[in-house]
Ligand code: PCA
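In structure tokens, one chain follows: the form predicted on its own.
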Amino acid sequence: MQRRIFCATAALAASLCLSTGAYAQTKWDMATAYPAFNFHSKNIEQFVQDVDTATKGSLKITPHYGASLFKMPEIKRAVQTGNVQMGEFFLVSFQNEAQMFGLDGLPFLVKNYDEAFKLYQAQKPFLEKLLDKQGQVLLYAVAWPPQSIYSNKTIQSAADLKGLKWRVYSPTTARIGELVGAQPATIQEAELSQALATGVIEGLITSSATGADNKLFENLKHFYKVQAWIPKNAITVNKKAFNALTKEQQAAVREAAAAAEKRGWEASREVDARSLKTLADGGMSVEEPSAQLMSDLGKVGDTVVKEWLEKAGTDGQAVLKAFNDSK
């Protein structure tokens, strides 16, 4: 009788354990520096919902927008160290860590979204390898609209940029500022409005979306569509956290990430057109650049690309060859 009672008790305990395990829930936090209304954030919101649905609620991801968890420069490191499970960061800002992170910030390497996506496909294996060494898994990457020039004065040539208080966000934007004789100042997106209102900066190069989101038309008069490059945000997850998921959960995350990447690139195109209208409606002069300005910037771009290749070595040559072969 005692043996039967023991066996029954053990069976009940095992059943309860299995039942509890079946409903075990994994919770992740995700850090991003952009406001909840930004198109990248909206894409993340859908990604999170897709993961929740596909995993039947067994993996819950909570996004923290507006740099509320970590500031932009801190997010990549936070994912790497496991202080947060997921994060979104601007790739080109980390070029000093590895030149490959700065590839899509090289001036005039691509002319449009199609070329930008081909560049990403050539770059992706190198990114995955780099991030893997840093304890991260690349889930997906989404492009910003093309980067163009904002200014409070007329810009007809590179000479007009000389002495301008110039916002930088990456080694490349800093180098461009140096080459044209501007006065660089490192300003994060969340600080843009204040920096412009207080005169810390007088011009910058960024996307139409950033300009519209931050109402740059309230402080700046001109937008020049130079479309210098098309940079990307990367969404990564801590490698240990990802490997701790079940195979089914990993597959669900990968599938949701692939959908988010496709959706995000499509949204970027739409946001660019919409944001340009927002800038114009806000009173900003949205202009095509002069031939002289484009010629001057092209020479600056040639210098920047050459310097990048010297630093990037064989990997840099390989990725550019793969990109050029794909065109």
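Residue indices: 1-based, along the sequence shown. Not measured: the values here are computed from a predicted model.
Not on display, but discussed next: the form predicted in complex with the named molecule.
- Taken together, the three residues 165, 178 and 186 lack any non-hydrogen atom within 4.5 angstroms of the named molecule in the model of the complex.
- Of the stretches 80 to 88, 120 to 128, 238 to 246, 205 to 213, only 205 to 213 has residues with a heavy atom within 4.5 Å of the named molecule in the model of the complex.
- Note on contacts: among 94, 144, 223, 217, the single residue with a heavy atom within 4.5 Å of the named molecule in the model of the complex is 144.
- For residue 140, no non-hydrogen atom is located within 4.5 Å of the named molecule in the model of the complex, even though that partner is not displayed.
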